[in-house]
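As structure tokens, one chain now follows by itself in the form predicted alone.
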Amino acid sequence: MNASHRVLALASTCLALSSLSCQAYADKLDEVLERGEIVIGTGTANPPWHFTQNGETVGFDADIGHLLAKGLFNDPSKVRFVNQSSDARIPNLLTGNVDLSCQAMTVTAARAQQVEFTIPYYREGVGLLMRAGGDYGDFDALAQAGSEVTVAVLQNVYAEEMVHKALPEAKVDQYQSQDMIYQALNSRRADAVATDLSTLRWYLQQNPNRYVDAGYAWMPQSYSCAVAPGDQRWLNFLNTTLFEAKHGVEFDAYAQAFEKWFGETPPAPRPGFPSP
């Protein structure tokens, strides 16, 4: 059945069904296959997730897009990235401007009332970056030092509460930009930087032998792609593709991307009982 026949069939079905029921018959998978490319909303200025390099959108979110394109067309290049701000992630889905959003998007119950989430493809958290050869060797040393430790963090209404969940007695200095928190660390005004674990891993890769991970992470949150609600077949396809990337036939590609952007190789799935 070609695209026009599918549209006619859907229209005929919708004459007899409520609009809510018709939503369930919408078929994004067929639409994407017919178009010949997948359209993904993402950003351009948040490494290692999504940024522009030599005119191309790159990063772990972009590599997830290429994995999905390979699943659809057996061609990772059949993807078009749409640059969008973080506050456009949901509106662009609901208006049909993109097929899905993959943009370091934290899964929350509030957002799940507006969109549907795929299975997570990354587990974010907060980590502590320290100078190599500094006064403290690891997280235990920071914790034992108590109020003698100063932690630099990006300014936020929850910044102090966030740091104190890990280091209850530490002094917290807040800064207006990411560059300023690293300047505080480099100038020894701070003993550690509290930042996203993914950013920490990326920063370690970009500055080998200069910094170390304190070895402790907290405040876990899931990153998933999001789709407009009402199309279970499309969501099932995306979930299947992502699951097999993390645990099955496409694991090598997923692991290669993970290691490229985060400097670590995820544990390989074991043959046998199919547990993740």
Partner chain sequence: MNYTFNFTPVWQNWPLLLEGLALGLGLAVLSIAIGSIAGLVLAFCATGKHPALRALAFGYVSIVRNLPILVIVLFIFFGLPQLGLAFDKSTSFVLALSLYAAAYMTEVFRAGLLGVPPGISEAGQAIGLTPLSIKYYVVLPVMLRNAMPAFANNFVSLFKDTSLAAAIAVPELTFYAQKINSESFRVLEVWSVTAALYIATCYLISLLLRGLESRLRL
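Positions refer to the first chain, counted from 1. Please read these numbers as outputs of a predicted model, since none were measured by experiment.
Just so you know, the form predicted together with its partner chain exists too; it's not on screen, but the next bit is about it.
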Would Gln53, His164 and Arg201 all count as contacting its partner chain in the model of the complex, using a 4.5 Å heavy atom cut-off?
no
Distance check, Gln183 to its partner chain in the model of the complex, heavy atom within 4.5 Å:
yes
Consider Arg123 of the chain shown here, and say whether it contacts its partner chain in the model of the complex, taking contact as heavy atoms within 4.5 Å.
no
I'd like to know whether Asn156 contacts its partner chain in the model of the complex, with contact meaning heavy atoms within 4.5 angstroms.
yes
I'd like to check something about Gly137: if you look in the model of the complex, is any of its heavy atoms closer than or equal to 4.5 Å to a heavy atom of its partner chain?
no
Note: exactly one of Gln144, Asn74, Thr95, Ser147 sits with a heavy atom within 4.5 Å of its partner chain in the model of the complex, namely Thr95
If we check its partner chain in the model of the complex, which of the residues in 92 to 117 reach within 4.5 angstroms of it by a non-hydrogen atom?
Leu94, Thr95, Thr108, Ala110, Arg111, Gln114
